[in-house]
Structure formats: structure tokens, C-alpha cells
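In the form predicted on its own, a lone chain appears below as C-alpha cells.
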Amino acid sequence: MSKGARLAVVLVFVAVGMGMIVFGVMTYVRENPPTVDFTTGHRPGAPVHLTIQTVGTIGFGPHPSWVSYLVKAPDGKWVHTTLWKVPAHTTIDVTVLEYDGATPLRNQFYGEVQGVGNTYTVNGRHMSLIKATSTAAGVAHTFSVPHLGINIPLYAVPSSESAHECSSAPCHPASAHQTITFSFNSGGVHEDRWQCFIPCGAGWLDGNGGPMQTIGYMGGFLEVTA
């Protein structure tokens, strides 16, 4: 093979390699979930109302069988993302619509409400601790922001109502669910990782793979801006 031919082959491989890199980057950019912005139009001193839901099966996208979170955008539409932007030093009033069944706690620590005055409401009833001893009633997921000291155990849909569970998102309030409410202060400007600490990645070792480690499903970031 001549020197020119060898150079041509090398250039072809380089071009293919660069193409694969560009394709990978563009795929990541396209699949990276959007950030829902709660800061635009926010009046200083007013609370932010954050409504989210947890579902046992997202029902669409590249991983339709995965468990996931969704968030209601300010325009009222449900968005499949776990990236949220909120204003600093603001009360965040959270409503969680929990549509999934229970997963036995591996550590009772995650059944304790922390960082929100150690209390929250489940279907309007004030509670401070969930003792999950069976799959019939207990914790489905948690909403936890370690940097802010927040851990919210999300009470599960009891097995007696499994026939009325939601099968794909976004779920309708007519489906069996629990309504959990709590509030916290966003604090100063920072970015926090938040996630579920109940291993619910079925099919992965110890339940910690798949949706548990993928942004947009069971963990995300809370961007707090001025």
C-alpha cells in the first residue's frame, strides 16, 4: 500500500472517530432532561409551589419500565425531568403525589422526616415517622437533599389498592396515590444534588442501578439562584 493510500485510510478512521464523538455528544445533549425554571416572574417573598409525582413506571421514552419522578412546570404541564431552578431564600411549598407501591426500608433512618421541622402531612394528616414493616404499607421512595438536611419518606400506595395504581405517567389523581406536603427554605445560592434513597432499580445489583443513577428519573439537581 502506498504512503498516500495509508494516509487516506488513517484520515478515514480519524473522520469516523470524530463522527462518533460528535454523535455521542449530540445524543447526550438531546437526552439530557430540561431544567424547569421557577424563578421567572417570581415575586420576592412569595413562596414557590413545587408539585412533583413519583410513578412506578414512566411508560414512555428510552426506559419505559423505569420508576421515575416528574414535575409540574409553572404552566401546569407535567415534565419528565429532575432538574429544577428555584429562587434563593424562598419558602418552597412541596406537594408530592406518590403513585407507587412500597419497598421495605433497609434502614429505618430513611423513614424519618428530617429538615422540614420534622413534620409533614400525608393526606392531610400530620406525621413525623413512617415505620415500614411490610410491603402492605410503608415507604415507596424518599425525597432527600443531603446538603439541606432534608429527608422525606414518601408514603406508599397500600397493596390493597394495587388494582387502581397508575400504569404510566403522568398519572391522574383518580389513580390510587398518597398526597404528601411539606415546606423548606431554599437557602443561599448553591446547587444541590437530591435523590431517592430507597433502592428501586429493579434488575440491578442491590437495586441501585438504572433509574437510581440516571438524571431525570430518581435523582436530580436543585439549582438555587439569586
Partner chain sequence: MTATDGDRRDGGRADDPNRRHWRFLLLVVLVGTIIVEPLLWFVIRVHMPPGRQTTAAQGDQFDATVLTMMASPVVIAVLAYFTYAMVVWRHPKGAPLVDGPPIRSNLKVQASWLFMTSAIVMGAFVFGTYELIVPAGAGGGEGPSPIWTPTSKTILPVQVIGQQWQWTYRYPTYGGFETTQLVLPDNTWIAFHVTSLDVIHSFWAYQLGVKADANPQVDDVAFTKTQQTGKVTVRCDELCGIWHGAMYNYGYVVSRSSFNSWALRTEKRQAPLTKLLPPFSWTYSPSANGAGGGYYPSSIPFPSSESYGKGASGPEGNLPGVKVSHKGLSGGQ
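Just so it is clear, the structure is predicted and the values come from calculations on it, not from any experiment. Numbering follows the first chain given and starts at 1.
There is another form of this protein, the form predicted together with its partner chain, and it is not shown here; the text below is about that form.
Here the chain stands by itself, but in the predicted bound form one stretch of 160 to 168, 43 to 51, 197 to 205, 61 to 69, 197 to 205, has heavy atoms within 4.5 Å of its partner chain.
Between its partner chain and the residues L105, V122, V116, V94, the one pair within 4.5 Å by heavy atoms in the predicted bound form involves L105. For the three marked residues, Y110, L129 and Q213, a heavy atom of each sits within 4.5 Å of its partner chain in the predicted bound form.
Taking the partner from the other structure, its partner chain in the predicted bound form has no heavy atom within 4.5 Å of any heavy atom of K85.
Its partner chain in the predicted bound form is approached by P146, whose closest heavy atom lies within 4.5 angstroms of it.
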